[in-house]
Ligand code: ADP
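Here you get one chain, nothing else, as structure tokens; it is the form predicted on its own.
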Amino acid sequence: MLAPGPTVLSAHKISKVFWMKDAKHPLHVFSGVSLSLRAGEMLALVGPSGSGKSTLLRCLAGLEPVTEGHVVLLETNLARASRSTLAAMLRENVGLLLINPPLVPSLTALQNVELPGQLAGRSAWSNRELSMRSLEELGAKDLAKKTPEQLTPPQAAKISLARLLTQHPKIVFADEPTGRLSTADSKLVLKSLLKLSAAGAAIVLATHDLHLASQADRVITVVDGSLGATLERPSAEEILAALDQTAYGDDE
């Protein structure tokens, strides 16, 4: 693994508030969160459902605006960036692995994998070769001609991962990347993320998968919208103990 490089992500006292229809009070998803990440590092946000970790990840990635504070992603202050600047950064330097992969329904699986290369101006021949190699690496070559509506959720996740592998992103945001996958496919995801990290990409995970989280350089527990313990290269057992401690405190 490469030594961690320059800071590629920093958040300063960010908060997210939703106003629900007909609600008398706002919903505070998370509040006062500060963190940073360097190139080549893998950070896992781990917490129970409803803890706010997925919304936090989306805010860090620029997919949702924060209510307070600011996020700097790849030297760009997201609050000050124009839509075109943000779109270009997400397209060129940010990889996304989301629980519901944003595949283009009118394109085949192979064409979805090829899309980032087309937008980057890669030659058609090299783009096709790289895309097919990514599909083959994930055991998904037989899905190339299928459309997104013909794919199961695990198959769609593979196509999304294959597309990501062709991008060479500087930072990857992965929301429950193994949530719908078999053990074998989860191992493929982990192998791919470690490969990207070793190549210098920063990785941010929001996950329930303690085995996946235990492969990260840092794990931060998230409970009720607040950051709890920060753990350096912990085991799955250490993460679980930290979650219990954060949620329930010391009963002694």
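The first residue of the sequence shown is number 1, and the count goes up from there. Since the model is a prediction, treat every value here as computed from it, not as a measurement.
There is another form of the same protein, the form predicted together with adenosine-5'-diphosphate; it is not shown, and what comes next is about it.
Here the marked residues 20, 50 and 53 all reach adenosine-5'-diphosphate in the predicted complex, each with a heavy atom within 4.5 angstroms. Note on the interface: of 193-201, 209-217, 41-49, 65-73, the segment with non-hydrogen atoms within 4.5 angstroms of adenosine-5'-diphosphate in the predicted complex is 41-49. Proximity of residue 35 to adenosine-5'-diphosphate in the predicted complex falls outside the 4.5 Å heavy atom cutoff. Proximity of residue 29 to adenosine-5'-diphosphate in the predicted complex falls within the 4.5 Å heavy atom cutoff.
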